[in-house]
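Only one chain is given next, in structure tokens, and it is the form predicted on its own.
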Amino acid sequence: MPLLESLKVLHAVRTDRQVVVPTMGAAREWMTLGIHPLDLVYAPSAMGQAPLLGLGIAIAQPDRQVIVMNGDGCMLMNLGCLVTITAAAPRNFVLIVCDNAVYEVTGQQLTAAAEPARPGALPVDYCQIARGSGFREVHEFDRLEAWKSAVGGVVAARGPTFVVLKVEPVTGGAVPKSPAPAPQRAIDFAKALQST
């Protein structure tokens, strides 16, 4: 399914109390939908670190739901974070992996998890890894209509929750630009957490 369309589905159900932490291609596309004060757009980013950043926010803000949108390449950079997340077991945490099988923003190289990169082997099953790491709420969607039908229940479930969205690479998808200088974004985000 198209990345932007899948993010529009989430954007439509997002509430004013939810924190959203998008990174890489998801951050680039999410910003086109408008930035909310509780969006912590992780761009530029250290690949693989967004889930743990979101985990820290979820632990510090237990009355807010935190939704992290990670790329599959980023997920591969830090699979160990899945075990850390389930050990902390935040009920208010959702990790969405946008799986397009490529490192989109660096030139669309295949990830090592992609089927074409694994001759004679199956593609890596992120949901199976998540279950093995202790996630009980695990979902995968490859059709927009199925995602639209399920998104409300998936996001409302008691977490931690793990979701894979099978999305198409965005042709010419550039590295996401920071929406503002990082120090000011951090100050504004902290104020938004305190005021809403």
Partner chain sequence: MITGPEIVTELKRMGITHVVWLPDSTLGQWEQALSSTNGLRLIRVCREGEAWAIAMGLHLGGARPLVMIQCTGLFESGDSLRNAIFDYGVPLFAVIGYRSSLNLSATDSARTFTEPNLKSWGLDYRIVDAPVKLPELAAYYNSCQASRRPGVVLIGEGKM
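Keep in mind that what you see is a predicted model, and the values were worked out from it rather than measured. Positions refer to the first chain, counted from 1.
One more form of this protein exists, namely the form predicted in complex with its partner chain; it is left out here, but the text below deals with it.
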### Task
Identify whether its partner chain in the model of the complex is within 4.5 Å of every residue in the set Ser6, Ile35 and Ala157, based on non-hydrogen atoms.
no
### Query
Which single stretch, out of 166-174, 147-155, 129-137, 58-66, brings residue heavy atoms within 4.5 Å of its partner chain in the model of the complex?
58-66
### Task
Find out whether any non-hydrogen atom of Leu193 is located within 4.5 angstroms of its partner chain in the model of the complex, and reply yes or no.
yes
### Query
Should Cys81 be classed as touching its partner chain in the model of the complex when contacts are defined as heavy atoms within 4.5 Å?
yes
#### Entry: Close approach of Met47 to its partner chain in the model of the complex, 4.5 Å, heavy atom
yes
#### Entry: Ala88: touches its partner chain in the model of the complex, heavy atom cutoff 4.5 angstroms
yes
## Note on the structure
Those residues of 137-155 with a non-hydrogen atom no more than 4.5 Å from its partner chain in the model of the complex are none
